[in-house]
Structures are given as C-alpha cells and as structure tokens.
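Single chain ahead, written as structure tokens, the form predicted alone.
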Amino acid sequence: MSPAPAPALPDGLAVIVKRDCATCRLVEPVLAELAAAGRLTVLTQDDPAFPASVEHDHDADLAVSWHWAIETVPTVLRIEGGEEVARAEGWMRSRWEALTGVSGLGAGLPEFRPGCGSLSVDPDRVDELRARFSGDRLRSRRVELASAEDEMEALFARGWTDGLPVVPPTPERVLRMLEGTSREPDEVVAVVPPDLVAGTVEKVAVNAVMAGCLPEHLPVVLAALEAACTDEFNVHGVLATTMPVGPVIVVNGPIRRRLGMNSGVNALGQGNRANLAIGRALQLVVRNVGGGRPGEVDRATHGNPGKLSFCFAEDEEGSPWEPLSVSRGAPAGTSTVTLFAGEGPRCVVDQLSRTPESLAGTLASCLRTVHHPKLPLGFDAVLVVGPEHARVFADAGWDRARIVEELHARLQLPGDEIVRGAGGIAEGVPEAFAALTLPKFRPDGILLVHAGGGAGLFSTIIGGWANGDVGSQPVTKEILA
C-alpha cells in the first residue's frame, strides 16, 4: 500500500528528532549551527520542549513522521520543490556535511553515532498510526459494537465464525495484514461461490485476520482462493456435495520454509500456525464472502474435521522425488499451492515390507478402498508417503513416475469382482462391465506427496471427490507476493 500524500514541508532542511534519543541530544549543537546558517525546520516527536536551543514544531500526532516514512531519528531531509531529494539517518558527520552543504559540522562530536527508532514505527503504535492515516482505503463495511458487547460473542452471534472463536478484524489488524502483499486492496482475487461475490484482496485479508494468519501468510491464502474458484476445482460443487470433502492445500516451494510450515512430524495435525491458519482462512472466505455455510449450501452428510482447515507442506528437502508441484508442471523453485478436494486422512500401516513390490501392493490394496473398493474411476486420491516408506522405494531406485505406474498396474479391477451384487454387495458397476478390466483411478488421479515424521512405517491416503468435468480436478497455482 502506498501512503497518502505527505504533509508539506518547506524547502530547505528538515530534521526529525526526539528527546528520548541519545544521538538526537548529541546533535542539538549541530541543529543550532544549521539554524544559524540558513533555513531549517525541526520537528520533535516526543517532548515538545526539545530541543530548547532551536525553534521547532511538535509532531504530536506523528503525521509528518508517518507520511515522510521516518524510521530513524535523527533524520535529516533536504526538501526541494516540496519533494525529498536527499536524506541522512543517525549522525555521520560526512553525510550531514554533504547533505547540508555546511563543512565542519559538530566539531568535537564523534564521527558517527547510530540513531534510534522513530516513534512512527514503534511496534506498539504503528498499527494505530496505519489505521489513522491509511484506514480510509478500506472499503469493507464497518460494524459498530455496543460498549457492553463482547466482540468475540458478537462475531458468533452474527454467524461469521466456523464454530471456533475468530480474531476480530479491526482496521488496524486488516491494514497490518495487507502489508503482507503488494496487491491492491480493491483487486478482485476471484468471484467466490456459491453467491458469486467478488472476493477482493481486502476481503481475503479480513478473513485471514479472523483465521489467525500473519501478514506473510496472506499470499498463500490468495493463491489458494484463486485455485479454489476455478472451474476446474469447482468449489461450489465441493461445498454443495453430500460427501465429506473440502479443500486440501499442499504447499510447495521456498515459501514453506519462510513461513515455518510443517511438513514433518504431525504434518497433517495440529500445532503449526501457518498450516492451520492458512487452511482456515480459505474456509472462512468461502463462508463469509461466498456464503457457503453448513446446513445451507453445504449439505455434507457427515463432513470431516478437515473442513475447518486442511493445509500442509511437502517435505521437499527429505524427498527422494521431485516435488508435487514440479510433477504438475511448475518450474522447480516456484512456490505454489495445489488444491485437492479431499476427505479426511486415513493411515496406511505396513511395517514389514522391505521391497518396493511388497509396499506398492500394500498401498494399492488400501487405495482400492477409497470410497468403495468396487467403485473405479470415480475418485482421485492423494497418497502422502511417509519418509520410512519413501526410503523403501528410494533404495530400490523407484522414482515418482515408477511408483505411480506400479500402483496403477496393481489397481486394475476385474469387472466380475466389482459389478453390482458381486461379493454379496449391492454397490458396484453395472453388469455390462463384467467382462472388462477397469482402473481404480484415472491416469493422473494419484497425487504423490512426501511428508511426515522420520519414524513410522506409515503413509496416508486422502480420498477425493468426484473427479473430472463432473466434479473437481486438482489445481496448482503459483504464489505471488
């Protein structure tokens, strides 16, 4: 966000100081020298009586300091035609002399002293200042609460939560969240189903605040929303189905490490702020912007706890294979999200297989049960391979493509085993398929992800929703700053 126009400063030199800065007190004689030599404007941030030796103004509300982006005091600005043409921070004799054009400044002072932080960037004040000076850029409706109203309970009462408390999205917090992206607040990220409401960057930021995100999480949430609102992902259908599915977010690329995302122990579980807040933010946007609320458009028979938040990172550093994002066409080193319409995770236990053939057999047997062992071609799946299982494949030289190929080979289902009535089970494919062999998954229907703790011969399956044009397809999007 760019700041509003700065309050005018007269041409010449302007110096911003505060008494609570040893360097500002140190340079007070220099200010007197400059005042005697020509035009000088001095503004003090804290004590209106400081500095006593020169005329000055009090930047009591820090408007000048904020708008002129003062980060350190003392700061010297050279103003020409109302514009800043040069600046010096702290005290450095040579720099001050070059900027002021006055030689021999501060005789007897040390050559250099660093300054102090400006009050306008004080962490305890910066959010309030940002809201005061930039708050008019927000377009979201303001909701005034009565003084006796509990803000947490007020958000519950208005139906804006997912069943858990949310962080009140005050202007200060929303503006701080928007610092996490270079995109303008009024930019439309996506049209959000089911009500087809324009989801702006600001609206996403509001919900990211409510979800507990940090500003650096916001670009991931924005990318996830863009992916969710594509025709391919079909979040409207994912929301409205009676099946227990919701958006599953897999994060790849350098941003995983920058955000401290969990791809290791308990990667799919609780305990990591980025994992949980990012996934929750996407769900809150769908609810609060798009109108996708349980019991209304959301008609899930059972749902699953992952519909609160389901987001994790791939363990690329420990993986013997290329990242999921690369396998889906993204350049190596690109930060991405891959959205998958998935149910809750289920564990695959195989603590005895020491050959890739045996382990592939176990994984295929379990994958066959996705939604129903007699239903082929209906549902994609994410297979989250734990490090100990991955090592079995890696030691045998099986790469990602080989594993997926071997799984598909083991998931060719004889028609006479899966027709309706076979095995005494009514569910299945029509009798006309009895003589055929049908694949459990479509060719690109198994997504391999490497994640999990270093101990435990386990993997995890995340079954999908109806795939293809009638349902949802995985979507990978680059994360932009």
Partner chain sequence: MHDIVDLESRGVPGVFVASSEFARAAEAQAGALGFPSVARVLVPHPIQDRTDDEMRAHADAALDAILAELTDRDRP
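Positions refer to the first chain, counted from 1. Small disclaimer: the values here were computed from a predicted structure and weren't measured.
One more form of this protein, predicted together with its partner chain, exists but is not displayed; see below.
Remark: G295 counts among the residues lining its partner chain in the model of the complex, judged by a heavy atom distance of 4.5 Å or less. Contact check for T242: a non-hydrogen atom falls within 4.5 Å of its partner chain in the model of the complex. In the model of the complex, its partner chain lies farther than 4.5 Å from every heavy atom of E317. Among heavy atoms of H408, none comes within 4.5 Å of its partner chain in the model of the complex. Segments offered: 348-356, 234-242, 371-379, 67-75. Contacting its partner chain in the model of the complex at heavy atom distances within 4.5 Å is 234-242.
Of the listed positions (R299, R273, R125, R402), a single one reaches within 4.5 angstroms of its partner chain by any non-hydrogen atom in the model of the complex, namely R299. Proximity to its partner chain in the model of the complex, taken as a non-hydrogen atom within 4.5 angstroms, holds for one residue of V143, L196, A98, V85, which is L196.
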